[in-house]
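Here we start with a single chain on its own, the form predicted on its own, put down as structure tokens.
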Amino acid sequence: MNIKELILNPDNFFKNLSYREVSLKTPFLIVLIFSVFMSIYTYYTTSIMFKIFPADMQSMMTISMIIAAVSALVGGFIAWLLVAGVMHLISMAFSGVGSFKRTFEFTGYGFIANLIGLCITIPIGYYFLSNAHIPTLTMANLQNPIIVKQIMSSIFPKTMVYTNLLVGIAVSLWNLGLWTYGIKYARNLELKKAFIVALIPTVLFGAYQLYSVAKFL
């Protein structure tokens, strides 16, 4: 795979790839790496957050951290399937022609944007979280939403949250560009129609990711 061409000239990348046999190996690898990184980062961030719980609850929190990490790992592949499925269905309204397997393949390449975005947000997150002071709260404190929100704001400072929001917006716009050209050649659509097809899942997927960050504001 020509990563440079995928990043700098996705139109030509997907055009050339459309003449080859469908292969899910490379997009699967992209989504796998993205999902593994997300899983590790999710485990790390939840381990930091759960330090606020009393010591006698830490064993239960460990189980929750593992569940969160596994969910993030599986979530990457679910997102890939959902985005591909939504784009394939919408493209039918524009008389798109092409197999779902091809749509699935080209959609997977679009997650290169999410992978690179994660490579930016992980070091930023580690920098802030590794220096965060996390107090241990009592059960009475944990039942007070104002106290919990104040503690979470101190763990996840606004500088970190806003930076991640900006990266998230940039990644969503990049997703839109990659998926537009991907669905154009996967389903033999005009560029304008391909843009409309790619816009809906990009907005939905991007909104979910941005909400996951913005809730810490």
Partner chain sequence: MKKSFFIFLSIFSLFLILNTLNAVEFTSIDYKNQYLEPSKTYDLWVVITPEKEINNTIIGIYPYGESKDYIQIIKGKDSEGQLFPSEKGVGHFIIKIKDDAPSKDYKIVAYCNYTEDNKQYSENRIFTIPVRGKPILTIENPPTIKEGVNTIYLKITNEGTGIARNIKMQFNNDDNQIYALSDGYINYIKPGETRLMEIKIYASGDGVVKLPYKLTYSNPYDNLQLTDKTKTEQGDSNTITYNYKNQKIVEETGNLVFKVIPDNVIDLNVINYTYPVGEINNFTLSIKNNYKDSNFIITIGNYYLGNNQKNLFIKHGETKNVSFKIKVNDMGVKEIPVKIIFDGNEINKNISINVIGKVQLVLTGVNIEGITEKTITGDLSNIGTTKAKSVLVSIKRTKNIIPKRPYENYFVGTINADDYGSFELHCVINGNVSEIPIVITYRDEDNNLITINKEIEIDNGQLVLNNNYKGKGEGINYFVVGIGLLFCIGVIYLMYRGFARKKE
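Positions refer to the first chain, counted from 1. Treat the numbers as computed from the prediction; the structure is a model and nothing was measured.
Keep in mind that the form predicted together with the partner chain is missing from the display, and what follows is about it.
Inset, instruction - Work out which of the listed stretches, 103-111, 90-98, 123-131, 76-84, brings a heavy atom within 4.5 angstroms of the partner chain in the predicted complex. - result: That would be 123-131.
Inset, instruction - May I ask you to state whether Phe34 is within 4.5 Å of the partner chain in the predicted complex, using heavy atom distances? - result: It does not: once the partner chain is placed as it appears in the predicted complex, Phe34 has no heavy atom within 4.5 Å of it.
Inset, instruction - Report yes if any heavy atom of Tyr162 sits within 4.5 Å of a heavy atom of the partner chain in the predicted complex; otherwise report no. - result: Within the cut-off, so yes.
Legend entry - Heavy atom of Ile7 within 4.5 Å of the partner chain in the predicted complex: Yes, Ile7 lies within 4.5 Å of the partner chain in the predicted complex.
Inset, instruction - Using the partner position in the predicted complex, report whether Leu191 sits within 4.5 Å of the partner chain, counting heavy atoms only. - result: Within the cut-off, so yes.
Legend entry - Position in contact with the partner chain when the complex is considered in the predicted complex, options Ser154, Gln58, Ser47, Thr26, heavy atoms within 4.5 Å: Filtering the options by heavy-atom distance leaves Ser154.
Inset, instruction - Enumerate the residues of 150-175 that have a non-hydrogen atom within 4.5 Å of the partner chain in the predicted complex, in sequence order, or give none. - result: Going through 150-175 in order - heavy atoms within 4.5 Å of the partner chain in the predicted complex - the hits are Gln150, Ile151, Ser154, Ile155, Pro157, Lys158, Thr159, Tyr162, Thr163, Leu166, Val167, Ile169, Ala170, Val171, Leu173, Trp174.
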